[in-house]
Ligand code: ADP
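Heads up, the chain below is alone and in the form predicted alone; it's given as structure tokens.
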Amino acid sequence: MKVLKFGGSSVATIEKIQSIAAYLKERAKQEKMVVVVSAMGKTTNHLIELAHAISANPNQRELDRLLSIGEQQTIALLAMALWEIEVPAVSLTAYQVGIRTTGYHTKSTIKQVETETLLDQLDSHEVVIVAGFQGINYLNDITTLGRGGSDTTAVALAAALGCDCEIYTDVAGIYTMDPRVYPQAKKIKEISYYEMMEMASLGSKVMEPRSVELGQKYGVKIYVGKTLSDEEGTYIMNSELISEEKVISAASLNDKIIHVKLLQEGHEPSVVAHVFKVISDHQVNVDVITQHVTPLMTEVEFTCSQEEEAFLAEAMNQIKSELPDLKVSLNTHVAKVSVVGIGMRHAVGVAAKIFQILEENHIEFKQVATSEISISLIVDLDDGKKACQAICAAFDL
């Protein structure tokens, strides 16, 4: 048994859906399949536009119900295409499968996947098609999982069924750097869960971080490849199974972030604690955090995704009303440049080399953050691509 996922670009037209159906017909001769699909092409973006045509701040419950339509359209069309070529298939919503979620609307997380319905349908159908990106909360309301949520759906189903997962998209695998930023980037044959999680959380758009985390937690081997292509893709797996451990495996550029600076006279730790409590209460996922303290002032800086902008605005409004003397500035003209490599756990001099590269290219950074296997720098937006290209060339990525 396998779980396959096809992204929005792979099912963007009726012709593409029919081509996938023909591909699944051949695969169904060897194995049972659960297929997870996204909404067709830019359908989700169009639905968001419709919602904002009604309201600048749509009700989040109703927005989730609206956004879930896209995937439900795709599963029905793919099931019809399979029946048309005599492949017994059935489409299921998240409610029918029993994908239980928790958390907030538009950014919920999968809590539990029930397998009884899936297994029953697999007994009577060759292909079971499941709507990605969505689930049902404790109130039986539809919730969505955020951008890339169909990846999470697919890996969660594979974990529940105890099988491998294949993610098909419009790229031929995972590259050392986005080829649109660095055309000389190399395709990665194998990458560890930890490296892929870091890459995904730092801005790589190929995989959703939570899906990789689920894969690591439940030992789901994940394959990422190009839809309907014979070209070999990338395998995401345990680091112990990877033959070559590189110091730097990949780099990423995230130009969709917000840089927030808070300035407070004097030094009162309770103020900083309160600020981040409010930010947390508004479900803003904070990334790079730095603090600079002198006897006269405290300066705190952090970043978050531009996708969190609405939640951040609500948090900042509350903070400004409660702490009117706190100076707040937001900057979206920034980018995050990151390098990832499991070999960094044992290597020395990586940071020194990166700082030297930036100096040679006259690039200044605003913040720096590190983990055991990554280094991230916040730079001006205009310097982001230049920094990535210089780093990739220096580390032969």
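The numbering used is simple: start at 1 and walk along the sequence shown. Only a predicted model underlies this, so the values are computations on that prediction, with no experimental measurement involved.
This protein has a second form, the form predicted in complex with adenosine-5'-diphosphate, left out of what is shown; the following refers to that one.
Only one of the listed residues (Ile129, Ile174, Leu157, Val275) places a non-hydrogen atom within 4.5 angstroms of adenosine-5'-diphosphate in the predicted complex, and that residue is Ile174. Note on contacts: among Pro88, Gly162, Pro179, Gly103, the single residue with a heavy atom within 4.5 Å of adenosine-5'-diphosphate in the predicted complex is Pro179. Of the candidate stretches 164 to 172, 210 to 218, 320 to 328, 90 to 98, only 164 to 172 has residues with heavy atoms within 4.5 Å of adenosine-5'-diphosphate in the predicted complex.
Taking the partner from elsewhere, Lys189 is found to have every heavy atom lying beyond 4.5 Å of adenosine-5'-diphosphate in the predicted complex.
adenosine-5'-diphosphate is not shown here, and in the predicted complex it never comes within 4.5 Å of any heavy atom of Gln18. Although the partner is absent from this view, His267 stays clear of adenosine-5'-diphosphate in the predicted complex, with no non-hydrogen atom inside 4.5 angstroms.
Although the partner is absent here, Leu312 lies well away from adenosine-5'-diphosphate in the predicted complex, with no heavy atom inside 4.5 Å. Contact annotation for 1 to 31: residues with any non-hydrogen atom within 4.5 angstroms of adenosine-5'-diphosphate in the predicted complex are Lys5, Gly7, Gly8, Ser9, listed in sequence order.
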